[in-house]
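Starting off, we have a lone chain in the form predicted on its own, written out as structure tokens.
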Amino acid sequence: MNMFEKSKQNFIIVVALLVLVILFYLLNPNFLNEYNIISMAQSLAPYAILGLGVTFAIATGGIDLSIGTVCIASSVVAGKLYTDGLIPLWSTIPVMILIGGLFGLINGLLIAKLKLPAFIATLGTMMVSRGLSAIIVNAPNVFYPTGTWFNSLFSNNNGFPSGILWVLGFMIICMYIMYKNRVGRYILSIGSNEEATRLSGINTDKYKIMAYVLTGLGAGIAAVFWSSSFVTVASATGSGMELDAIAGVYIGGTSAAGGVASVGGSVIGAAMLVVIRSGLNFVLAKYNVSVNSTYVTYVLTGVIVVFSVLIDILKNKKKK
């Protein structure tokens, strides 16, 4: 996919996002009140960063089902160390990132060196991270402080959703890695044709591991934004977060088959899911529809993801 095609695809997704925003506003003008805009922006940050990270794994033709539980595991373990007085608050940030990167490295080794299918390997680490973190923490919840520099820097600074600026910064970094750096080029090459990439002299195992490390680092960084936005973090949770992040990546235009990645699209796809979730809450509440908006969101997300992947498959068939 050349830059023109990426730009065209991202433009279409942005237009679809704007149409959704306008539609929900017309159905319930309260959707665009100041409080809800800030709330959506805060909830977008961790999911967008999870999506940016997992874009690298999906670009290889793989997947990472562990990012949600790794995100929460990183948060609760670092939070436990902080609340027990073992580390200062600032140290929770490198601890969370380190834990995420470690799980990414484990996933990469399992997939690249032991040749486990990505689905099985990351399903296993999803369960391990969820259970192991709960054992280590040995408490139902971990609490982060409120009203500190931590919240202002990564979540809400006097009514401004500071996390959005970080998302844009990380998006630019990921774009550079994916499109302007040999790491990203080799990752995309592996996704297009791993055997041909290997025969051309590229160490495919090395770059596949790097893709999963980047994905794990994304989960660790997302934990920072989750911890600063939701100061009470429940242990042994996170299942389901990965599905939202992966859905956003597919909606954004990254190919499920690998070889094609839309970094900007991953952020736009995450934003679309946040808008749908919030908009449905407002619309169903206004019209007194006795249906849980979460379940409706699942249905719509599922339909959109299937439709997005179907378009990708048809597009690939036309190229052949």
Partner chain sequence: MNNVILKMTDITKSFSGVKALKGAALELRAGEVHALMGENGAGKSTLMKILTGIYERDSGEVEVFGEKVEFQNVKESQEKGIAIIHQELNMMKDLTVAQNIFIGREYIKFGVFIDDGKMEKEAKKLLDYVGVNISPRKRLGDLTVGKQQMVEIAKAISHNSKLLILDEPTAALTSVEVDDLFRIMKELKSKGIGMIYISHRMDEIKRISDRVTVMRDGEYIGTVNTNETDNEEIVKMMVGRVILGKTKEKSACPDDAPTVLEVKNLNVGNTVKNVSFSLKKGEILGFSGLMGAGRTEVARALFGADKKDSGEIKINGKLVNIETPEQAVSQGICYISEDRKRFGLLLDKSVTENSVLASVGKFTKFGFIDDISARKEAEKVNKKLRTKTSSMSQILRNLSGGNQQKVVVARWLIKDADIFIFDEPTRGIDIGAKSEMYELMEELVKKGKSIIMISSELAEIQRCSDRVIVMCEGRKTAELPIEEATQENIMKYAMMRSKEGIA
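Predicted, not measured: the structure shown is a model, and the values here were computed from it. Positions refer to the first chain, counted from 1.
Note that the form predicted together with its partner chain isn't included here; everything after this is about it.
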Exercise for the section: Just give me the single entry in 162, 237, 133, 197 that has a non-hydrogen atom within 4.5 angstroms of its partner chain in the model of the complex. Expected result: 197
Problem - Partner-contacting position among 83, 193, 152, 91 - heavy atom within 4.5 Å of its partner chain in the model of the complex - result: 193
Practice task
With heavy atoms only and a cut-off of 4.5 Å, decide whether residue 186 touches its partner chain in the model of the complex.
Solution key: yes
Exercise for the section: Check whether residue 180 has any heavy atom within 4.5 Å of a heavy atom of its partner chain in the model of the complex, and answer yes or no. Expected result: yes
Practice task
Considering only heavy atoms, tell me if residue 203 and its partner chain come within 4.5 Å of each other in the model of the complex.
Solution key: yes
Exercise for the section: Could you confirm whether residue 259 comes within 4.5 Å of its partner chain in the model of the complex, counting heavy atoms only? Expected result: yes
Exercise for the section: Please determine, with the chain shown alone, which of 74-82, 243-251, 209-217, 172-180 has non-hydrogen atoms within 4.5 Å of its partner chain in the model of the complex. Expected result: 172-180
